[in-house]
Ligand code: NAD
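The chain below stands alone and is given as structure tokens, in the form predicted alone.
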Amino acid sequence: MINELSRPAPVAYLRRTRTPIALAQGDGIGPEITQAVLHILDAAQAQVSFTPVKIGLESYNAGASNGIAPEAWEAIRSTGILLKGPVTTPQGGGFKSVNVTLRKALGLYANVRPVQSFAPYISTLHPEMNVVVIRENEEDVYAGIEHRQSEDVYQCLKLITRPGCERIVRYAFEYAKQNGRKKVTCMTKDNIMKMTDGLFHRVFDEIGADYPQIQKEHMIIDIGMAKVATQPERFDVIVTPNLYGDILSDVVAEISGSVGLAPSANIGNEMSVFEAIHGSAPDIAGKGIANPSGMLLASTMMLQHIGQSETASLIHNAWLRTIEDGQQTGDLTQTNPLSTMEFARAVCDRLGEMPRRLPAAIYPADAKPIKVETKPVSGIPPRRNLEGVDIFISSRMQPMDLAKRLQTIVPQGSELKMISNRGVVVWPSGLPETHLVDHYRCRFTSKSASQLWVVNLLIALNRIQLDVIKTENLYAFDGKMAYSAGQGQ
């Protein structure tokens, strides 16, 4: 227990320049929790000044398809930091997610979500959990490149790059090193996606070798996520590609006791955005019952990021003491629940106090924002040879009939290697039970393949009135096949 005399007083910053921060209240419960957080920051004498920006429904309704007013970009880029409430993305086509737009446009490659349990004060089955999910934030299927290709088939492209993998993996190890974490776990699905997720796993192994003091492990995402749900205490830092990390961090937050407690930081080398991980909860908006904890803890991450670690610790420890004292919002307790602003005032009343039982929050004063640069490509670039082409055709023909027609236009010295449907080979082999849709991948190869050869194939396919919807060139790099075989080949 902390002695009364050892409690820190509110931090006094004399003659210090206030750090400018862009502030977006967001939608739904956003304005309510934002006001609560600002009340606490003011009481703790955080040396920040806020510039309000319009992000969310108001901007969508004003015609900004990405939900960000044009003038907001200037404020965000001039400050380099945004504290953001939750935002609602309108349903239906034509609207882009604010979060994804910010992350990609501003180069916020690292999403950092620390989650821990606060037992026995917040009910959880996993009282020892203390894990940080670090998620790649720009690539994967979140590139948002989608197409409708036929009557039956829609496509979403999964893009994984070596520089993207290198940055997020290096960030995860640097974060672990800076914060005294002992182990980094990588989770992918490279038993299925051997090239994309395989690259992420390979880069993890390569970069991990530079950190011999940190334990390393790799897990397939399905069993890894199952272990997180049942044994989260065995994990320390987890690094993943974008989609897996998005799902995983919500799972971790939920099993901690409440998604409403989890903060999130989106970090780039020049820009940063801090927010709660939860949504705008329009069903409870305006009722004054929302929990501001996620956004408040995101603000403490922001304070550490801008060099105000003492204030970050001050607020976080007051929040812990408030939780210990049973002063909680209705999502956490049914016994005398506090309103949003009542909770904020309870935290303010405890500024300078320390938790009695929960571990105190300590934000290292010497911690600096982690910046990761990818290494420039050096040496001789790999030799790239065109070996063939996958031509995607929309047709409801049977595979054998389609193959017969295709073979009439195969150039001399070339070969129709296979036809697949949704990735499963249906010609020259296949099973009658395979369900077919109007989307065939037809693989042509040639020892003399060239771009002109591909063009001539397309002209020939047009001549026999087959509906081409997409092509993908098949390359070998330094003699190694750089494309996947069909399932069943």
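Note that residue numbering follows the sequence shown and begins at 1. All values reported here derive from a predicted model rather than from experimental measurement.
Just so you know, the form predicted in complex with this ligand exists too; it's not on screen, but the next bit is about it.
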| item | value |
| --- | --- |
| Proximity to this ligand in the model of the complex, single hit among Leu402, Val389, Leu83, Ile277 (heavy atom within 4.5 Å) | Ile277 |
| Listed residue (Asn291, Asn317, Thr240, Ser299) with a non-hydrogen atom within 4.5 angstroms of this ligand in the model of the complex | Asn291 |
| Contact at Ser123, Gly257 and Leu358 by this ligand in the model of the complex, all three, heavy atom at most 4.5 Å | no |
| 4.5 Å heavy atom contact, Pro369 and this ligand in the model of the complex | no |
| Partner proximity in the model of the complex: Ile284 to this ligand, non-hydrogen atom cutoff 4.5 Å | yes |
| 4.5 Å heavy atom contact, Asp331 and this ligand in the model of the complex | yes |
| Touches this ligand in the model of the complex: Ala36 (any heavy atom, 4.5 Å) | no |
| Segment assignment from 257-265, 377-385, 204-212, 140-148: heavy atom within 4.5 Å of this ligand in the model of the complex | 257-265 |
| Members of 23-48 lying within 4.5 angstroms of this ligand, judged by heavy atom, in the model of the complex | Ile29 |
